[in-house]
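The chain below stands alone and is given in structure tokens; this is the form predicted alone.
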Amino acid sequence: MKRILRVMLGVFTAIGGFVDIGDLVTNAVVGSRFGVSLAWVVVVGVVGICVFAEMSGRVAAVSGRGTFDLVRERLGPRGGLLNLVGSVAVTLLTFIAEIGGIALAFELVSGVNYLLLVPFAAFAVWLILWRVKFSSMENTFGLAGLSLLVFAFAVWRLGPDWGELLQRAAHPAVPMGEGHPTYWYYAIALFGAAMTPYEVFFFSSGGVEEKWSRKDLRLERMNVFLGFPLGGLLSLSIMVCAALVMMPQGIEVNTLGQVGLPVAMALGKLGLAFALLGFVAATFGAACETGLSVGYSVAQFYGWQWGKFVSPVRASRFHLLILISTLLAVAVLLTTVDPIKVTEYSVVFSAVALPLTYFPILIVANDPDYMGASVNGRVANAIGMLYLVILTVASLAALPLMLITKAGQ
């Protein structure tokens, strides 16, 4: 049982990273408009996040230091500051989207307008980050988030033609009525949702919080290669559900409530209840991850005391930064900005910031001064360099495609 619980960091990261509000919405939108023709993007994203999460986790286990602590030292204050600003801006935008997602999930459960629930959701997140132990947080949300497996069960109950489904996924094509720029815009959005920067910040910092060392490298790899593929499976299940139910009827997903409709059709009220529990757990878990990641990044860069294993008094600036971020999220959401739109923009801007996030990790993972004998091997470097090229292309194409397609409309 202890071994299983120690793998929960990977599960928690996957639930809150792969299947946060961004993936819930983006995968459902893509499924309702493009079917499974973009399923390959999720596969590419799973491999990419596994490669870089393994690097960042290995760096944390070997060095015992957080990502941005090493980024500042390795790239210098100016180069590191550019990475910090870009990554924190995207993470903060994602944090705002996640708190909005919690409010939307509570609205589905209670029927109360989500705007009235935003302050409550934000306070609950802040209270958890301030008072709840790291292990309790990851175990609770990781296990509750597994409720989203109901989407995989729903796919089975919907009884698709598996041969035809695999054929469409293996031979992607742009559906009639959709243009190539829109197709590639959503491909980049899906890629950004799969490789959001905060995932590696949280995962590596969580490894430091749990005091990983060289002897924990096997555990670190188990977390990566079990947790993130699980997140990818859940993402694909959401996409396939929308493709089977929404696309044939010409229904485009515009709300969080619509994401759960295929589950309700396949499994009834009990299935929908599990889906709603998964929505709450995934958005709460992601909000905790992104809130902590804002604090982790800035505190590590400036050398402040940080972490949930440190008392709030000793890590006062770390916790103050999380509180300010939470208040800012409330202020933005109470302007009545649509949380779904914030979500859609956050995944695209995540794609823009990807090279800033992953390039320093690749550099540090190859530095023998930090890693000793645990530096990247040839295969890890080859895959890492390939993905760095893909990340750069996606980053350069994201904003032009957003403008050309009017954000996928």
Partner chain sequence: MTASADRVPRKPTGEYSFDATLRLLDRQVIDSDGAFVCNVDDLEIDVPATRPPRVVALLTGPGVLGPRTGGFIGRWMVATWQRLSPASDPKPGRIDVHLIAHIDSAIHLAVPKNRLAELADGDEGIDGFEKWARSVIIGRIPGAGHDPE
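This structure is a prediction, so every number in the text was calculated from the model and none was measured. Positions refer to the first chain, counted from 1.
Omitted from view is the form predicted together with its partner chain, to which the following refers.
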- Query: Is S316 close to its partner chain in the predicted complex, meaning a heavy atom pair under 4.5 Å apart or at it?
  - Reply: yes
- W304 near its partner chain in the predicted complex, any heavy atom under 4.5 Å? yes
- Could you confirm whether R157 comes within 4.5 Å of its partner chain in the predicted complex, counting heavy atoms only? no
- Is there a heavy atom of S311 lying 4.5 Å or less from a heavy atom of its partner chain in the predicted complex? yes
- Task: Report the residue, out of A89, V132, V109, M265, that has at least one non-hydrogen atom within 4.5 angstroms of its partner chain in the predicted complex.
- Result: V132
- Query: Counting only heavy atoms and a 4.5 Å cutoff, which of 33-41, 364-372, 346-354, 49-57 contacts its partner chain in the predicted complex?
  - Reply: 364-372
- its partner chain in the predicted complex: contacted by all of R65, D69 and G76, heavy atom 4.5 Å: yes
